[in-house]
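First comes one chain, alone, set out as structure tokens in the form predicted on its own.
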């Protein structure tokens, strides 16, 4: 499902050269739930962003679903990302001016050939999966942190992605809400979605099939 070959990422300024990733090679199989752990600044989020095509490696090859994404143009990447990947972030990234249903429906607006009625049906169905169909007309400011993250998960799922990428999805939540979110992610994984999750919480990592530890941009 995901193959990384000798991935290197170097950030350069006039004075400093920072090696965020130093030769990462990694394979994630279809249906796996993988967590990535390591100290702050070790390259976890950089690695996830490269898997998610939000960033490009300085060197190396990225293959997802048998497509070499590291060789795609920006336009090709945007289409691939929208059809294949779902994203969940620590800070939710919901749009305050849109209600819950409109937030979830947003990724579908960039797809061609689907009617507005079908988009709305899919968004409602996605909210039902995360247990928030009764909050469709509410706005993000009217929800708890755990509910906002559920909306973000519904938005990530609405396009039926084969891969879900989660960056500290429980980082802004208390332990009870965090447990609810990790349980929901486990259920999503059991239904067949491949998940790669960055987390600093070993308790959350225990729910995954495999944990990858990063230290100084390398797999330990």
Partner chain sequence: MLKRINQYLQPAWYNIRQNRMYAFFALASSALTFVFIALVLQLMYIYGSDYRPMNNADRIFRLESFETVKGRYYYGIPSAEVGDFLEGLKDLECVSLYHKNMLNIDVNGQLFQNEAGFVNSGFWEMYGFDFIYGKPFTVEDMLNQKQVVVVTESIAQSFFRTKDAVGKRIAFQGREYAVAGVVKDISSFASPTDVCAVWVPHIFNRFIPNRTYRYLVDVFLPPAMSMDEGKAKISTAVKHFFKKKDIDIAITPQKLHTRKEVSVSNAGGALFKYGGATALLLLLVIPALNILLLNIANSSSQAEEIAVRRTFGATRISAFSRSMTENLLLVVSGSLIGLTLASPVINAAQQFLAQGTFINVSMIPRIDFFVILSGVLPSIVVFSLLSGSLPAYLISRSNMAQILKGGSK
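Residue numbers count along the first chain shown, from 1. Bear in mind that the values here come from a model prediction, so they are computed numbers and not experimental data.
There is also a form predicted together with its partner chain; it is not shown, and the following applies to it.
J.: Considering non-hydrogen atoms and a 4.5 Å limit, does its partner chain approach residue 120 in the model of the complex?
T.: Yes, contact at 4.5 Å.
J.: Quick one: is residue 71 in contact with its partner chain in the model of the complex, heavy atoms, 4.5 Å cut-off?
T.: Taking the distances in the model of the complex, the answer for residue 71 is no, it never comes within 4.5 Å of its partner chain.
J.: Does its partner chain get within 4.5 angstroms of any non-hydrogen atom of residue 136 in the model of the complex?
T.: Residue-level check for residue 136: no, no contact with its partner chain.
J.: Indicate whether residue 49 is a 4.5 Å heavy atom neighbour of its partner chain in the model of the complex.
T.: Looking in the model of the complex, residue contacts with its partner chain include residue 49, since a heavy atom lies within 4.5 Å.
J.: Look at the candidate spot formed by 91, 109 and 148 and say whether its partner chain comes within 4.5 Å of a heavy atom in all three of them in the model of the complex.
T.: Checking in the model of the complex: 91, 109 and 148 are all within 4.5 Å of its partner chain.
J.: From first to last in sequence, which residues of 62 to 97 have any non-hydrogen atom within 4.5 angstroms of its partner chain in the model of the complex?
T.: If the 4.5 Å heavy-atom criterion is applied to its partner chain in the model of the complex, 62 to 97 yields 74, 75, 78, 81, 82, 87, 89, 91, 92, 93, 94, 95, 96, 97.
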